[in-house]
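Just the one chain here, laid out as C-alpha coordinates, in the form predicted alone.
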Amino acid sequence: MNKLYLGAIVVTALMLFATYVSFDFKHGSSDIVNQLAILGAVILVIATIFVVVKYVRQMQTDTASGDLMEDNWDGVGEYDNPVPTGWAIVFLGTMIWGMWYYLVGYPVNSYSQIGEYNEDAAALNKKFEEKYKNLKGDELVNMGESVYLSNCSACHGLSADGIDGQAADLNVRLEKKVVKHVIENGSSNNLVSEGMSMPDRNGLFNANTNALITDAEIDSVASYVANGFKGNEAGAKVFAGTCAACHGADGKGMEFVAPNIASFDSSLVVNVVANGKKGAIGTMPKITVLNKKQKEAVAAYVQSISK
(Lines give C-alpha, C1' and ligand atoms only; values in the text may rest on other atoms or scores of the structure.)
Protein backbone atom coordinates (compact mmCIF):
# COMPACT_ATOMS: atom_id res chain seq x y z
CA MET A 1 0.00 0.00 0.00
CA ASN A 2 1.20 3.51 -0.80
CA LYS A 3 2.91 5.08 2.22
CA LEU A 4 0.79 8.22 1.84
CA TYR A 5 -2.48 6.29 2.14
CA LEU A 6 -1.13 4.17 4.98
CA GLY A 7 -0.09 7.30 6.87
CA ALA A 8 -3.49 8.87 6.28
CA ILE A 9 -5.24 5.79 7.69
CA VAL A 10 -3.02 5.79 10.77
CA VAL A 11 -3.50 9.52 11.43
CA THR A 12 -7.26 9.22 10.93
CA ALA A 13 -7.45 6.32 13.36
CA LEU A 14 -5.42 8.20 15.98
CA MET A 15 -7.51 11.38 15.66
CA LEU A 16 -10.78 9.42 15.85
CA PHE A 17 -9.47 7.55 18.89
CA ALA A 18 -8.50 10.86 20.57
CA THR A 19 -11.98 12.21 19.82
CA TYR A 20 -13.53 9.07 21.31
CA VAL A 21 -11.42 9.31 24.47
CA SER A 22 -12.20 13.01 24.99
CA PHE A 23 -15.98 12.51 24.76
CA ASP A 24 -17.89 11.95 27.97
CA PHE A 25 -20.26 9.16 26.92
CA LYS A 26 -21.60 8.78 30.45
CA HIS A 27 -23.06 12.27 30.66
CA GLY A 28 -22.99 13.55 27.10
CA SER A 29 -24.43 10.72 25.02
CA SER A 30 -28.02 11.80 25.67
CA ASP A 31 -27.39 15.46 24.83
CA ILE A 32 -28.18 16.29 21.21
CA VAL A 33 -25.68 19.15 21.24
CA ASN A 34 -22.88 16.83 22.32
CA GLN A 35 -23.97 14.23 19.78
CA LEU A 36 -23.82 16.80 16.99
CA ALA A 37 -20.44 17.99 18.26
CA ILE A 38 -18.93 14.50 18.16
CA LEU A 39 -20.46 13.87 14.72
CA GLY A 40 -19.00 17.14 13.48
CA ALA A 41 -15.59 16.21 14.89
CA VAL A 42 -15.64 12.86 13.08
CA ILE A 43 -16.69 14.45 9.79
CA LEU A 44 -14.04 17.15 10.17
CA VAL A 45 -11.29 14.57 10.81
CA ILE A 46 -12.24 12.47 7.79
CA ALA A 47 -12.71 15.45 5.48
CA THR A 48 -9.40 17.00 6.53
CA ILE A 49 -7.45 13.79 5.92
CA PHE A 50 -9.19 13.27 2.57
CA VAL A 51 -8.37 16.78 1.38
CA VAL A 52 -4.75 16.54 2.55
CA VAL A 53 -4.24 13.19 0.85
CA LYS A 54 -5.89 14.36 -2.35
CA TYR A 55 -3.75 17.45 -2.75
CA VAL A 56 -0.51 15.85 -1.59
CA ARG A 57 -1.09 13.07 -4.11
CA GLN A 58 -1.89 15.65 -6.75
CA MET A 59 1.36 17.51 -6.03
CA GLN A 60 3.25 14.24 -6.42
CA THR A 61 1.80 13.33 -9.81
CA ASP A 62 0.44 16.42 -11.56
CA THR A 63 2.42 18.57 -13.96
CA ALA A 64 1.69 22.17 -14.84
CA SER A 65 0.28 22.93 -18.26
CA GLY A 66 -1.09 25.84 -20.21
CA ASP A 67 0.12 29.13 -21.62
CA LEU A 68 2.19 31.52 -19.56
CA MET A 69 0.92 35.07 -19.14
CA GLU A 70 2.83 37.85 -20.83
CA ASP A 71 4.58 38.84 -17.61
CA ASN A 72 7.21 36.12 -17.16
CA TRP A 73 10.97 35.83 -16.98
CA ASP A 74 12.86 33.12 -18.80
CA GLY A 75 9.78 30.94 -18.86
CA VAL A 76 9.07 31.43 -15.14
CA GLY A 77 5.71 33.04 -14.55
CA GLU A 78 2.03 32.55 -13.89
CA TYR A 79 -0.07 30.28 -16.10
CA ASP A 80 -2.97 31.91 -17.87
CA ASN A 81 -5.51 29.42 -16.61
CA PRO A 82 -9.15 30.27 -15.85
CA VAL A 83 -10.38 30.27 -12.27
CA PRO A 84 -11.84 26.82 -11.45
CA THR A 85 -15.62 26.92 -11.69
CA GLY A 86 -16.06 25.44 -8.22
CA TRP A 87 -13.82 28.10 -6.66
CA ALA A 88 -15.73 30.87 -8.40
CA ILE A 89 -19.09 29.49 -7.24
CA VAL A 90 -17.90 29.10 -3.64
CA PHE A 91 -16.44 32.63 -3.62
CA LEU A 92 -19.61 34.17 -5.04
CA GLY A 93 -21.75 32.13 -2.66
CA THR A 94 -19.66 33.28 0.31
CA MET A 95 -20.11 36.93 -0.71
CA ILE A 96 -23.87 36.50 -1.04
CA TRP A 97 -24.09 34.63 2.27
CA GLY A 98 -22.01 37.32 4.00
CA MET A 99 -24.32 40.11 2.83
CA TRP A 100 -27.37 38.08 3.85
CA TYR A 101 -25.87 37.30 7.26
CA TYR A 102 -25.05 40.92 8.13
CA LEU A 103 -28.26 42.40 6.72
CA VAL A 104 -30.88 39.72 7.43
CA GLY A 105 -29.55 36.62 9.14
CA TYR A 106 -27.86 38.41 12.03
CA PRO A 107 -27.76 42.18 11.51
CA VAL A 108 -25.07 44.14 13.31
CA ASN A 109 -27.75 45.81 15.44
CA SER A 110 -29.17 42.50 16.67
CA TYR A 111 -28.90 41.13 20.19
CA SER A 112 -25.47 40.39 21.57
CA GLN A 113 -24.24 39.55 25.05
CA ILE A 114 -21.72 42.40 24.93
CA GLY A 115 -24.43 44.83 23.88
CA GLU A 116 -26.71 43.62 26.67
CA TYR A 117 -23.88 43.99 29.19
CA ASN A 118 -23.11 47.53 28.04
CA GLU A 119 -26.77 48.51 28.24
CA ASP A 120 -27.14 47.01 31.72
CA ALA A 121 -23.91 48.66 32.90
CA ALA A 122 -25.05 52.05 31.59
CA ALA A 123 -28.44 51.68 33.29
CA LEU A 124 -26.89 50.64 36.61
CA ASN A 125 -24.33 53.46 36.47
CA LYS A 126 -27.12 55.95 35.87
CA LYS A 127 -29.09 54.51 38.80
CA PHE A 128 -25.95 54.54 40.98
CA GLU A 129 -25.12 58.17 40.20
CA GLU A 130 -28.70 59.25 40.79
CA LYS A 131 -28.78 57.50 44.17
CA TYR A 132 -25.47 58.91 45.38
CA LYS A 133 -25.36 62.25 43.56
CA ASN A 134 -25.60 64.20 46.82
CA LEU A 135 -23.04 62.09 48.70
CA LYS A 136 -20.39 64.32 50.29
CA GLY A 137 -17.93 64.55 53.16
CA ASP A 138 -16.93 61.46 55.09
CA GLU A 139 -19.46 59.28 53.28
CA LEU A 140 -17.88 60.15 49.94
CA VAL A 141 -14.43 59.41 51.37
CA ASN A 142 -15.65 56.03 52.66
CA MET A 143 -16.99 55.16 49.22
CA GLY A 144 -13.69 56.29 47.73
CA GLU A 145 -11.76 53.99 50.04
CA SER A 146 -13.80 51.02 48.81
CA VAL A 147 -13.25 52.04 45.19
CA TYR A 148 -9.54 52.52 45.84
CA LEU A 149 -9.12 49.10 47.49
CA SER A 150 -10.94 47.41 44.60
CA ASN A 151 -9.28 49.19 41.69
CA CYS A 152 -6.08 50.96 42.80
CA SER A 153 -4.49 49.10 45.71
CA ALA A 154 -3.03 46.34 43.51
CA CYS A 155 -0.47 48.86 42.20
CA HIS A 156 -0.40 51.65 44.80
CA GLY A 157 -0.66 49.38 47.84
CA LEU A 158 -3.18 49.11 50.66
CA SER A 159 -1.63 52.13 52.36
CA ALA A 160 -1.16 53.98 49.04
CA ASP A 161 2.61 54.10 49.51
CA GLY A 162 3.36 52.90 45.99
CA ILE A 163 4.77 49.52 47.10
CA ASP A 164 8.45 50.50 47.19
CA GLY A 165 8.40 52.57 44.04
CA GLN A 166 6.26 50.25 41.91
CA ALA A 167 3.69 53.04 41.60
CA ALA A 168 3.27 56.62 42.77
CA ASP A 169 3.15 57.26 46.52
CA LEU A 170 -0.25 58.90 47.00
CA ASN A 171 0.49 59.95 50.56
CA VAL A 172 2.47 62.88 49.15
CA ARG A 173 1.59 65.10 46.24
CA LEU A 174 4.88 64.81 44.38
CA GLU A 175 8.22 63.12 44.93
CA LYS A 176 11.45 64.80 43.83
CA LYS A 177 12.16 62.25 41.08
CA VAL A 178 8.69 62.82 39.66
CA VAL A 179 9.13 66.59 39.56
CA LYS A 180 12.52 66.27 37.86
CA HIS A 181 11.15 63.85 35.27
CA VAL A 182 8.31 66.17 34.33
CA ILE A 183 10.58 69.21 34.08
CA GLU A 184 13.10 67.35 31.92
CA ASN A 185 10.62 65.54 29.68
CA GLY A 186 7.47 67.65 29.74
CA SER A 187 3.98 66.27 30.19
CA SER A 188 0.94 65.65 28.04
CA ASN A 189 -1.04 63.57 30.50
CA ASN A 190 -4.37 65.44 30.28
CA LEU A 191 -4.05 66.59 33.87
CA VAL A 192 -6.33 69.50 33.08
CA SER A 193 -9.54 69.07 31.16
CA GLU A 194 -8.32 70.59 27.91
CA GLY A 195 -5.31 68.28 27.78
CA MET A 196 -2.78 71.13 27.73
CA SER A 197 0.84 69.98 27.42
CA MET A 198 3.78 71.13 29.50
CA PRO A 199 6.98 71.62 27.45
CA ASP A 200 10.21 69.84 28.29
CA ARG A 201 13.25 71.66 29.67
CA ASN A 202 14.05 73.12 26.25
CA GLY A 203 10.89 75.18 26.52
CA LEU A 204 11.23 76.30 30.13
CA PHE A 205 12.64 79.82 30.47
CA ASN A 206 13.85 81.20 33.80
CA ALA A 207 12.88 84.85 33.92
CA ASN A 208 15.39 85.48 36.72
CA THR A 209 18.37 84.56 34.54
CA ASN A 210 16.88 85.21 31.10
CA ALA A 211 17.99 81.72 30.04
CA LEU A 212 16.71 78.17 29.78
CA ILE A 213 16.52 76.28 33.05
CA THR A 214 19.74 74.48 34.06
CA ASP A 215 20.41 71.13 35.74
CA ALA A 216 21.18 72.79 39.05
CA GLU A 217 17.96 74.82 38.88
CA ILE A 218 15.95 71.70 38.03
CA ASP A 219 17.36 69.94 41.07
CA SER A 220 16.69 72.85 43.42
CA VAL A 221 13.14 73.51 42.22
CA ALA A 222 12.34 69.78 42.36
CA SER A 223 13.47 69.69 45.99
CA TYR A 224 11.42 72.79 46.73
CA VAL A 225 8.20 71.42 45.21
CA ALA A 226 8.62 67.93 46.69
CA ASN A 227 9.19 69.46 50.14
CA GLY A 228 5.83 71.19 50.08
CA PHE A 229 7.04 74.58 48.74
CA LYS A 230 9.27 75.32 51.68
CA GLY A 231 12.84 75.06 52.93
CA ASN A 232 14.73 75.87 49.72
CA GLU A 233 15.27 79.53 48.88
CA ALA A 234 17.09 78.81 45.60
CA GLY A 235 14.29 76.48 44.51
CA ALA A 236 11.68 79.08 45.45
CA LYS A 237 13.36 81.62 43.18
CA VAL A 238 13.48 79.19 40.27
CA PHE A 239 9.84 78.32 40.81
CA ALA A 240 8.84 81.99 40.85
CA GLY A 241 10.78 82.71 37.67
CA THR A 242 9.92 79.58 35.70
CA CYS A 243 6.91 77.68 37.02
CA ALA A 244 4.62 80.19 38.69
CA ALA A 245 3.44 81.65 35.39
CA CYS A 246 1.39 78.49 34.76
CA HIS A 247 1.11 76.77 38.13
CA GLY A 248 0.51 79.91 40.16
CA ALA A 249 2.63 81.47 42.88
CA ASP A 250 1.30 78.96 45.42
CA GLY A 251 1.53 75.97 43.06
CA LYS A 252 -2.21 75.36 43.14
CA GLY A 253 -2.50 75.58 39.37
CA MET A 254 -4.53 77.69 37.00
CA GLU A 255 -7.81 76.58 35.46
CA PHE A 256 -7.43 75.38 31.85
CA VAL A 257 -3.65 76.02 32.03
CA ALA A 258 -1.81 73.81 34.55
CA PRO A 259 -2.65 71.36 37.36
CA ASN A 260 -2.36 71.83 41.07
CA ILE A 261 1.10 70.61 42.14
CA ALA A 262 0.80 71.71 45.77
CA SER A 263 -1.88 69.19 46.71
CA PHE A 264 -4.29 66.71 45.20
CA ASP A 265 -7.57 68.15 44.02
CA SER A 266 -10.62 66.35 42.70
CA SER A 267 -10.31 67.32 39.03
CA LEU A 268 -6.66 66.25 38.92
CA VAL A 269 -7.31 62.76 40.33
CA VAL A 270 -10.40 62.30 38.16
CA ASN A 271 -8.42 63.20 35.03
CA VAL A 272 -5.59 60.81 35.91
CA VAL A 273 -8.05 57.97 36.55
CA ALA A 274 -9.92 58.71 33.32
CA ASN A 275 -6.90 59.20 31.05
CA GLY A 276 -4.05 57.31 32.70
CA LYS A 277 -0.63 58.85 33.19
CA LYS A 278 2.91 58.37 31.93
CA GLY A 279 5.67 59.42 34.30
CA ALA A 280 8.99 58.68 35.97
CA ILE A 281 7.97 55.23 37.21
CA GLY A 282 6.11 54.01 34.14
CA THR A 283 2.66 54.20 32.58
CA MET A 284 -0.57 54.02 34.54
CA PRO A 285 -3.45 52.75 32.36
CA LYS A 286 -6.73 54.59 32.32
CA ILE A 287 -9.47 52.97 34.38
CA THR A 288 -12.65 52.67 32.33
CA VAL A 289 -14.82 50.66 34.72
CA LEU A 290 -15.58 53.52 37.11
CA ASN A 291 -18.48 55.91 36.72
CA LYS A 292 -18.33 59.62 37.39
CA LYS A 293 -19.33 59.40 41.06
CA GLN A 294 -16.84 56.62 41.78
CA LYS A 295 -14.02 58.70 40.28
CA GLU A 296 -15.10 61.65 42.42
CA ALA A 297 -15.14 59.37 45.46
CA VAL A 298 -11.66 57.97 44.91
CA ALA A 299 -10.42 61.53 44.43
CA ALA A 300 -11.91 62.46 47.79
CA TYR A 301 -10.19 59.48 49.40
CA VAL A 302 -6.78 60.33 47.90
CA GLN A 303 -7.17 63.91 49.12
CA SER A 304 -7.98 62.64 52.61
CA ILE A 305 -4.79 60.55 52.94
CA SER A 306 -2.25 62.87 51.27
CA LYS A 307 -0.05 65.15 53.32
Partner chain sequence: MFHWLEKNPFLFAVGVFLTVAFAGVVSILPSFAQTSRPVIGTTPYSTLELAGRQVYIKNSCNACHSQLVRPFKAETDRYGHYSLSGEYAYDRPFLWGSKRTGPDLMRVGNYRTTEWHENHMMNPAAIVPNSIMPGYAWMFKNIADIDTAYAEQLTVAGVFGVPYNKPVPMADGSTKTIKMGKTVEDARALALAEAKLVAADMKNQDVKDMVKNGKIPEIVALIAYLNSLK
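Positions refer to the first chain, counted from 1. Just so we're clear, the structure is a prediction, and the values are computed from it rather than from any experiment. So that the term is clear: the rigid core is the largest set of C-alpha atoms that superpose within 1.5 Å between two forms.
From this point on, the text means the form predicted together with its partner chain, which you will not see here.
Q: Residue 216 near its partner chain in the predicted complex, any heavy atom under 4.5 Å?
A: So residue 216 does not count as contacting its partner chain.
Q: Does its partner chain come within 4.5 Å of any heavy atom of residue 40 in the predicted complex?
A: Although its partner chain is absent here, residue 40 would stay clear of it in the predicted complex, with no heavy atoms inside 4.5 Å.
Q: Residue 125: heavy atom within 4.5 Å of its partner chain in the predicted complex?
A: Yes, contact at 4.5 Å.
Q: Wondering, does residue 292 line up within 4.5 Å of its partner chain in the predicted complex on heavy atoms?
A: Residue 292: no, not in contact with its partner chain in the predicted complex.
Q: Given that its partner chain is left out here, which of 210, 85, 134, 113 has a heavy atom within 4.5 Å of it in the predicted complex?
A: None of the others qualify; the residue that does is 113.
Q: Which one of 89, 158, 234, 103 is close to its partner chain in the predicted complex, taking close to mean a heavy atom within 4.5 Å?
A: Comparing distances to its partner chain in the predicted complex, the residue within 4.5 Å is 158.
Q: In the predicted complex, does each of 98, 139 and 226 have a heavy atom within 4.5 Å of its partner chain?
A: Looking in the predicted complex, the three residues 98, 139 and 226 all stay beyond 4.5 Å of its partner chain (heavy atoms).
Q: Pick from 235 to 243, 278 to 286, 259 to 267, 54 to 62: which stretch has a heavy atom within 4.5 Å of its partner chain in the predicted complex?
A: Correct option: 278 to 286.
Q: Only counting heavy atoms and a 4.5 Å limit, does any residue of 150 to 167 reach its partner chain in the predicted complex, and if so which ones?
A: Residues within 4.5 Å: 154, 155, 158, 163, 166.
Q: Once the two forms are fit on the core, has residue 129 moved its CA by at least 2 Å between this form and the one not shown?
A: Superposed on the core, residue 129 moves its C-alpha 2 Å or more between this form and the one not shown.
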